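Consider the single chain below, provided in structure tokens and representing the form predicted alone.
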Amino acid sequence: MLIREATTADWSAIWPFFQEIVAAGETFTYPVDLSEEQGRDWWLLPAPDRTVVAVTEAGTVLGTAKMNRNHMGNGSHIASASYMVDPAHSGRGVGRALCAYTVDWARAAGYRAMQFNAVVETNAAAVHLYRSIGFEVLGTLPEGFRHPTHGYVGLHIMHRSL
């Protein structure tokens, strides 16, 4: 697997699983009816932020991550990231590789920490992965997310020093 800078040409491979994940309404706070144009604008970030794809040797997009500063001004030393793995390729280490990549990117870019603002507490795989890479749950916003099957569940704020 190779992780490289995403290009606008990659969007046609990202959009199908991006749309599937967002429309499911289980893990992202995005509107479930997000248009393709909105999704592209929200996901493919311009520099100094960054969006990458994880691809096979043949060029198949397995997943993607976007990295950015979490806050502006005097809080701009904290990074954040978001991840999406094509469900057809889940359970193969793509998410772990993308998460490790973003931590390395943030450290190299001079950020002091990373913070995830809204990790859905029922997203057990993501919570487990982030904890295994050194993130801690700082707090949970009770009933901060309306899950389509579990009802109102908490949103974790997760943090890791760099």
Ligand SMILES: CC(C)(COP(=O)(O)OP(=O)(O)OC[C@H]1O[C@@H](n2cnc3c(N)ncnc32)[C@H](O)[C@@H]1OP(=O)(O)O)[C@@H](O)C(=O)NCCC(=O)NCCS
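Note that residue numbering follows the sequence shown and begins at 1. Owing to the predicted nature of the structure, the values given are computational and were not obtained by experimental measurement.
One more form of this protein exists, namely the form predicted in complex with the named molecule; it is left out here, but the text below deals with it.
Proximity to the named molecule in the model of the complex, defined as a heavy atom within 4.5 Å, singles out one entry of 61, 52, 103, 94, which is 94.
Just one listed stretch, out of 117 to 125, 52 to 60, 65 to 73, 133 to 141, contacts the named molecule in the model of the complex at the 4.5 Å heavy atom level, and that stretch is 117 to 125. Looking at residue 109, you'd find every heavy atom of it more than 4.5 angstroms from the named molecule in the model of the complex. The named molecule in the model of the complex is approached by residue 21, whose closest heavy atom lies within 4.5 angstroms of it. Contact check for residue 84: a non-hydrogen atom falls within 4.5 Å of the named molecule in the model of the complex.
The named molecule is not shown here, and in the model of the complex it never comes within 4.5 Å of any heavy atom of residue 113.
Although the named molecule is not shown here, in the model of the complex the stretch 15 to 45 places heavy atoms of 21, 27, 28 within 4.5 Å of it, in sequence order.
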